[in-house]
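Just one chain follows, in the form predicted on its own, and it is written as structure tokens.
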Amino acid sequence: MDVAIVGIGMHPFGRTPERSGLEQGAYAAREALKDAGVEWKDMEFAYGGSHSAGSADALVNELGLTGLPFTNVANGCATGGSSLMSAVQMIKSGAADIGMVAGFDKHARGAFNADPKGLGLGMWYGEMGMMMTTQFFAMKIQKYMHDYGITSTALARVSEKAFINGSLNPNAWRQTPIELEEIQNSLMVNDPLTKFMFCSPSEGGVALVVCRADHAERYCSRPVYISSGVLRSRRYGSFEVFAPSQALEHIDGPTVDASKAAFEQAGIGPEDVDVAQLQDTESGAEIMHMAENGFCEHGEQEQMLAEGATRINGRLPVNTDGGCLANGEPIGASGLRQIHENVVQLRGIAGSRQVPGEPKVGYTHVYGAPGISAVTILQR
């Protein structure tokens, strides 16, 4: 049983002090229902997640008490991807024909502040400063730059592209382009990453209506089909965020495993992808993930970015809506934002940020603590 996305809805990302995270999620859900031409009472199930704005199943208080099974999902930055995969399995199993996936969040200002004990770590890990993900990712990209010849200019080019794309996206938080030199010369947060090379915790909501593929035409004139969805966790030897040590022998991380499995499941390869949304909590992450997802060899990113290959009119448009850098990261909604953007692109309704050539294959990738990765491939 194949699965289609027939409705999408989004509450703009950023800061919305007058509206709670739950209300932002409900806004997105109503937009998705309207897009599919259905009502909440038509939903047979729902999956959703929120990290800081309460339980996602509280959406029923806003949308209606219909008695449907609503399952809360919590899986770090992969919460959205995990929610969607759960919904796909529900439909593939034949247990339901149509349902909703929703995610929302409303984070406080400032960096995420995780508890070491909640991740099975000693307090020493936090006392060393390693719970600050800005420090971890700076160390990781430093090593990557050393190993593969990536320069700080490449890091700045990722951010420059993100803010250009964000300026074309009415739902983005950051809608003002920032010049390359300003990005490079802005406040250094953790060397080599400046403040414009990091995303920020933010707010927002996204919802999707999914159904059996053979029912899709009932709800949508241009349905988008889910070709594959894969989630993987870390294996021994990969060095991931919140890892307390590094093995002597290094192996590939969960992104490589998830990507390979997703391509195999979809029956296509990286060369078939027309538009990609890759996790970019900081600009170094997008660079590393370009190679880990199979779109280039390690070290080739420097030239690709210099040539503009990942811009909207390039040969592999990446993070066409501005990514996390321009949108911020409300954890419960972030992965679903990527799906929303690819559906918009595959429908051909992205306006000034539309990828040319009528894209047919969209790829999304999320990565989160403590070393999990989710990949979804969409096709029309």
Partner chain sequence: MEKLPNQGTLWTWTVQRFMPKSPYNSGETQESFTPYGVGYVELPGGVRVEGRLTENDPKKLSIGMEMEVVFEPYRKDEDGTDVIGFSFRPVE
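From a predicted model like this one, the values you see are computed outputs, not experimental measurements. Numbering follows the first chain given and starts at 1.
A second form of this protein, the form predicted together with its partner chain, is not displayed here; the remarks below concern that form.
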Looking at 286-294, 244-252, 257-265, 211-219, which stretch has residues with any non-hydrogen atom within 4.5 Å of its partner chain in the model of the complex?
244-252
Just give me the single entry in Ala111, Ala306, Leu119, Leu180 that has a non-hydrogen atom within 4.5 angstroms of its partner chain in the model of the complex.
Ala111
Can you pick out, from Asn72, Ser86, Ser228, Thr134, the residue that has a heavy atom within 4.5 Å of its partner chain in the model of the complex?
Thr134
Kindly indicate whether Lys143, His146 and Met188 are, all three, within 4.5 angstroms of its partner chain in the model of the complex, using heavy atoms.
yes
Its partner chain contact at Gly299 in the model of the complex, heavy atom, 4.5 Å
no
Consider Met130 of the chain shown here, and say whether it contacts its partner chain in the model of the complex, taking contact as heavy atoms within 4.5 Å.
yes
Would you please decide whether Ala95 lies within 4.5 angstroms of its partner chain in the model of the complex, comparing each non-hydrogen atom pair?
no
Is Phe239 close enough to its partner chain in the model of the complex to count, meaning some heavy atom within 4.5 Å?
yes
